[in-house]
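The form predicted on its own is given below as one chain in C-alpha cells.
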Amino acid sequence: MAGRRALKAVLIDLSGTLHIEDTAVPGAQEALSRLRQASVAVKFVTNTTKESRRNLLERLQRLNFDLQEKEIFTSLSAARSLLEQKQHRPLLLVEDGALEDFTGIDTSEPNAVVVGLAPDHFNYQTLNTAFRMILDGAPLIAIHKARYYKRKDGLALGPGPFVTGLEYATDRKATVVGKPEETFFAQALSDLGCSPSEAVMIGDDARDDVGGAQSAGMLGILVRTGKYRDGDEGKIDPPPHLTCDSFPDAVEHILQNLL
C-alpha cells in the first residue's frame, strides 16, 4: 500500500465472482457479511446485460446475499446514461429481461445501435439490420465487449465477438460503456466519496475487471472462479495486485492487509 491512501471502498463483480447463474460461490455470503463489518463502502459492479438490475437483485437475494438495489451499478445503467445524454433512439440488442432498465427511452425510428449480450437476438437478420444502420451513420454502442462468460454448462460467447464483427464489417469503432472503461469505474465510485487510489476491485475477468480497475488507478484482485482460466493473470500489465482462489480469500486479504 506504499504511496496509496487508506482503503475506503471495495467494488465487487457479480457473475463468476459471487455466483454462477443460480449457484453461489462457496462461502461468498459469509465473506460479504465479514467485509460489511469493516469500515469500507461496498458496491457491486457488473457488465451483465441478460437481466435488469431489479431481476439481478432478486436473484442474489434468493441466494441469501445481503445487498440493496442502490448498491448495484451495471453497464446497462451506464448505457442508459449515454443514450439520455446524446438523445439517441436505440435499436436495443439486449435480452428481453434487460429491457426494463431502458423504460422510457424512445426506441421509435432508431438512430443508434446498442449491443449487449442477446443470444436470442443474435441472428443474421437482426445483425444485418444493425450493420446497415451503422453504415448509414448510426453510432455503435457496446454495453461491453467481453469475449466470453461462465455458465453452469461451461464458457459461452459474450457480446464482444458480435460487436467486433460489426466493427469489422462497417469499419467503425464502437463506443464501449461498461468495464474495462475508466469512465465506468469513475461512475461507480462517484457516489462513494472516494478516489480510485482508495478503492479495490474484485473480479474473475483479468482484462475487464482487474485490468480496467488498475488502469483507472485502483488495486485489482483476480479470483480463480467463474471465467478464470489458468494463466489469465499474465495477460495484463501490470499484473493483479493479488490472484487468489475465490471471493472469501480476497476478502480475507483485504481485512488482513489493506485496512
Partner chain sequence: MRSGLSAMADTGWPGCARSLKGVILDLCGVLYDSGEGDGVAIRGSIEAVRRLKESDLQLRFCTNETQATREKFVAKLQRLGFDICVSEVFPPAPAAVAVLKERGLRPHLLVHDGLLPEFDSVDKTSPNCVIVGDAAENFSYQNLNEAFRVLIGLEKPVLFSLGQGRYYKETDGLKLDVGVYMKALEYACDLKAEVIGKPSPTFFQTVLNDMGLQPHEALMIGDDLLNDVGGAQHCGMRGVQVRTGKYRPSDEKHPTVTADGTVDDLAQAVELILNQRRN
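Since the structure is predicted, the reported quantities are computational estimates derived from the model, not experimental observations. Positions refer to the first chain, counted from 1.
The discussion below concerns the form predicted in complex with the partner chain, not included here.
Within this chain, residue 99 is remote from the site of the partner chain in the predicted complex, having no heavy atom within 4.5 Å. Although the partner is absent here, residue 104 lies well away from the partner chain in the predicted complex, with no heavy atom inside 4.5 Å. Interface residue remark: residue 229 is counted as part of the site for the partner chain in the predicted complex, having a heavy atom within 4.5 Å. Contact annotation for residue 131: at least one heavy atom lies within 4.5 Å of the partner chain in the predicted complex. Between 87-95, 116-124, 182-190, 74-82, the stretch whose residues reach within 4.5 angstroms of the partner chain in the predicted complex through a non-hydrogen atom is 116-124. The partner is not shown here, but in the predicted complex the stretch 147-163 reaches within 4.5 angstroms of the partner chain through a heavy atom at 147, 148, 149, 151, 153, 154, 155, 156, 157, 160, 161, 162.
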